[in-house]
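The chain below stands alone and is given in structure tokens; this is the form predicted alone.
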């Protein structure tokens, strides 16, 4: 039954991807991108990769769709007809695809118990992580402790994305009487619904942040969910009111603080006589030290992701309003 569900979802993924290729309406393409990410999340759930599915649903189907819609506000929703021939790009894609398919021919069978991954790395984590890390969620143990360097690098990449967007667009503050008030001012029902759901979304983000040691979740997912709450507030009540609640300068400082908080755990571990990101040195009991370190670095990840996602939305939103006025 599981294989049948995978095949159906894979077929739906293929149909969605093909439809995106031929559509010229970019708004419809963005919506299909969201559907594609949601289908991918369903496949991950069926494969018991719940943490990956959570990330794909919140980032891919959620906030990425909103950011692409913000991009459409700057570029327009209709794809311009290309003046160049598409034969060469098609040839490059076909050659690349053929090379990728050729590279999979000698891969071991999917899910076979004798595959290298099931004989070396995975058994090591399964057998030793409860004794070395002491967390029920093994995914958090791997990402936050065993692969702490990689996760720090991913956090820095997210921060670098913010620098790139701000360098290209920046965030234009609304001065009084500069532009008309944005948002859905006359939609009172929408205001009431938003006021009801936004606190619940923030509460759920806090749950995901601090429950990631015991179940699906963590800093990346929590940061995205918290940013989605403030994006909803911005869409309903307008940029100027959102700036009054969480200003762009504050968010930029917050993104830096998150990265520094993560790195400071590593430096403090070295100060205590251990290696960089050796959480066991943070307390007399190594297991307790692992818990302390993971909680702090996950908080740094959540802060950075939240600040970066909301700052990027501010950049797109402020530029879109400016272009509409002009």
Partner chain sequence: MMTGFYIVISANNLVKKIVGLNVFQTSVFMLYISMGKVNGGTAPILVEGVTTYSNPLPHVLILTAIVVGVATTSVGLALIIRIKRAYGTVEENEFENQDDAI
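Numbering follows the first chain given and starts at 1. All figures in this text were calculated on a predicted structure; none of them were measured in a lab. Throughout, rigid core stands for the largest set of C-alpha atoms superposing within 1.5 Å between the two forms.
Just so it is clear, the following notes concern the form predicted in complex with its partner chain, a form of the same protein that is not shown.
- In the predicted complex, at least one heavy atom of residue 44 sits within 4.5 Å of a heavy atom of its partner chain.
- Taking the partner from elsewhere, residue 200 is found to have every heavy atom lying beyond 4.5 Å of its partner chain in the predicted complex.
- Though the partner is left out of this view, residue 158 does reach within 4.5 Å of its partner chain in the predicted complex, counting heavy atoms only.
- Shown alone here, residue 246 lies farther than 4.5 Å from its partner chain in the predicted complex, counting heavy atoms only.
- Although the partner is absent from the chain shown here, 52, 74 and 142 each have a heavy atom within 4.5 Å of its partner chain in the predicted complex.
- Applying a 4.5 Å heavy atom cutoff to its partner chain in the predicted complex picks out 50, 51, 52, 55, 56, 59, 63, 64, 67 from 50-67, in order along the sequence.
- Taking 2 Å as the criterion, residue 93 counts as shifted between this form and the one not shown: its C-alpha moves by at least this amount when the rigid core is aligned.
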